[in-house]
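This document contains two forms of one protein chain, each encoded as structure tokens and listed individually as structure 1 and structure 2.
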Structure 1
């Protein structure tokens, strides 16, 4: 029996990459994709895939919050969290939200197929990097770039995105991207949570 697969991600290259890997598999039926949470929920009103690859960071809503909604509305659907990051807090949050597994976006064909097979057998699946992250209790502070550290410091001082862009001589979209990346890396749902974690870990010093 074929497994119906759907992906929720706002990056076309990720969607096409996974689609191209899975489209020729005999037992995989590609149902399509959504680029945000709202279009995903609209799709699920008409069609219910067996497995959803769900990006953690979506433009209109956290993938973690979307996962909770989907699990509540459609408990039979298996969700595999999808992210660029293997931060412990992010993995824990998506699994607590009802996901059946977690993969990085650079997953190999074998990992994608193993993940689908595992969750369809009602088992959890974590890619190697995710397992390693969960077992690592020593280094829980995210690795951030020099620019992200500068942006984080200004966020903690209360500067807005336009102010940060002006202060660092970068564009507003770039400032927005850095803020979004920092939220994802720290597994923070909002700026207040990000600032609290950053101050505790002295991440911007």
Structure 2
């Protein structure tokens, strides 16, 4: 019994790469590819693969959202997240959205085949780097309150404490308190590193 695979990725070279890697495998059947979320959903109306390689960044919709839709519509399909970045938040997001595994685009042939085998056996598969990244508890995105989120958003947009105070109708010391708790929660030394991790993890949304 062979496994039907499909890929959604807007990078032709990656599509071609995976196709080339898998084409010699006897028990793997290449169903095709899509370059965006909508054409992927169209394809799925007609054919349902066993495994979809899904890029996180697609032109029309994020891979995260597409993943949620596919899981809802076709619960049997196994999804393997695919990305160049080893961002903890991304891995968490795609796995929480119902993906069965995560691979980086520098994955080897062995990793690809292992991943397919694992998810077909109803197991989760995370590439080494992703596993490592998830186990790194230091990188956990802190839980911040609603108010802190507002302040963080304003900080990221370049507003100073006096401006934030004015905008949110609070006193300067209060604005400063929020700023300081954000720094503490994120374990950031200053706004620069705070903004960097916040932007990378989209913590202010």
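Just so we're on the same page, rigid core means the largest C-alpha set that superposes within 1.5 Å between forms. Residue numbers count along the first chain shown, from 1. Small disclaimer: the values here were computed from a predicted structure and weren't measured.
The form predicted together with another copy of the chain corresponds to structure 2, not structure 1. Taking the rigid core as fixed, one finds a CA shift for residue 167 of 2 Å or more between the two structures. Annotation for residue 18: C-alpha shift under 2 angstroms between the two structures, rigid core superposed.
Superposition on the rigid core between the two structures places the CA atom of residue 149 2 Å or more away from its counterpart. Here residue 189 exhibits a Cα shift of 25.3 Å between the two structures, evaluated on the superposed rigid core. The Cα position of residue 158 changes by 8.0 Å between the two structures once both are aligned on the rigid core.
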